[in-house]
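What follows is a single chain, given as structure tokens, in the form predicted alone.
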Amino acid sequence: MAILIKGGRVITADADRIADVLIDGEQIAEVSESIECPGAEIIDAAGKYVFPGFIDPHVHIHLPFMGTNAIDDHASATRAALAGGTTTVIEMICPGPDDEPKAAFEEWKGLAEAGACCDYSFHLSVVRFDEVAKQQVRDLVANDGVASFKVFLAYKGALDIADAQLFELMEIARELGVIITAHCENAEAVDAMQERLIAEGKTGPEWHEPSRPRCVEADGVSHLCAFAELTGAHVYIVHTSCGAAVDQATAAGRRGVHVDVEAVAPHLVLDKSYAARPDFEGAKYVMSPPLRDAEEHEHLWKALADGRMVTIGTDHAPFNFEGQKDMGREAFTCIPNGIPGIQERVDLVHTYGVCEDRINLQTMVATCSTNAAKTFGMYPQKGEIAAGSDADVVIYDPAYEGVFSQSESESKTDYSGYEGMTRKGRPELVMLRGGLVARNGRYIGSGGGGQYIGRVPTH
């Protein structure tokens, strides 16, 4: 049966209007001022926003890290995504330095196929770069729909790669037309700072931020952009936490470097005081790059408003406080990095971005959906409300008021980084390819059903 959404305020990256949306099967059939379709199921969206399904371009689900593994599986993480209005995720595949890229891709894809409830794609981290890995990178692009790769300029001796390898990888990326996504810091500087602080007895989570200050992140962005300028590669800087790092990317863009910059929700609404909470509670807020001074919030929101930052992800990395985060009680360097947030992102952006007049609704859609679809080769299948696009639709109630709470999360994590914070607005109905999967912030689907989105090079 066709579905007809009547009278909603349809908001996309380039339009804001009252319109009807007709869904036929898994696709949008028509969007216009007034549609009649006898026999269709009618959804009254008057007074509500109608958004394209949101896309999270940066999540971790299956994540072996620092001697443990993220607590979510693909079922729980993607149920949480859908409850929060996110219908497509791009997961970071993070193999170890001895793993072959192809084997890692098959492992992650197999886990997602078995459990994912929303649609999904992957960035593949390159931590091994011998001749076998180089050929497999080429094969994954040609045969498996992988069109973006991740590099770490951090985590010395674990995930980082040498500059010579980085340069060669970026040359291959330029040749193949794929994107290099990058965690930008300076692995050597961070390692030295951590050793110094630990030796001085500064072991608590509040010392995580001083071990990797803003200048270290800005230096990593400058370094990556220099290599992009030399090779012509397209680079995408993930989880950018401070104005100094954004400024480095902006300057490179003015020189002709093809660079995109991502924000993530924690850096927009939390600050480093959270990591200084007593009784080791600050460990809940240890992530890299770390939470910064609250003054950085306005730098990031302004960069989103004026287009210097193009996407908002989560860097969802779900580790329990009990039994995982507390591995680092003796040294902050042993705290698994990351904050869960795959379910909260859209409402955080609406509450602290739109409702506080930092960005408008169209910018919200652009940065939380459409720009990711365009950047990573999924547009207009994803990220749009138009005839022929997938019927990934969020009917959003802007009048809802509440608070964020772990008790309402579909994630398995034992805490919420946003507990008790004000929440304005929530997804009332969420549709994935025309099927209703969430209602009033709760997953109501039957489990599974997510599809792999293979992508082709776009550059």
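One-based numbering along the sequence shown. If you're wondering where the values come from, they're calculated on a predicted model, not measured in any experiment.
Beyond what is shown, the protein has a form predicted together with a small molecule; the following relates to that form.
Quick one: of 183, 284, 234, 382, which gets a non-hydrogen atom within 4.5 angstroms of the small molecule in the predicted bound form? By the 4.5 Å heavy-atom cutoff, the listed residue in contact is 183.
Ok, 165, 363, 288, 136: which has a heavy atom sitting within 4.5 Å of the small molecule in the predicted bound form? Only one listed residue qualifies here, and that residue is 288.
For the interface check, one of 112 to 120, 83 to 91, 126 to 134, 313 to 321 should have non-hydrogen atoms within 4.5 Å of the small molecule in the predicted bound form; which one? Going through the listed ranges, the match is 313 to 321.
Spell out, yes or no, whether the shortest heavy atom distance between residue 337 and the small molecule in the predicted bound form is within 4.5 Å. Taking the distances in the predicted bound form, the answer for residue 337 is yes, it comes within 4.5 Å of the small molecule.
Please determine whether residue 415 contacts the small molecule in the predicted bound form, using a 4.5 Å cut-off between heavy atoms. No, residue 415 stays farther than 4.5 Å from the small molecule in the predicted bound form.
When the contact criterion is heavy atoms within 4.5 Å, does residue 297 count as touching the small molecule in the predicted bound form? Taking the distances in the predicted bound form, the answer for residue 297 is no, it never comes within 4.5 Å of the small molecule.
Closest heavy atom of residue 60 to the small molecule in the predicted bound form, within 4.5 Å or not? Contact check for residue 60: yes, within 4.5 Å of the small molecule in the predicted bound form.
Heavy atom distance at most 4.5 Å to the small molecule in the predicted bound form, all of 65, 155 and 239: Contact check passed for all of 65, 155 and 239.
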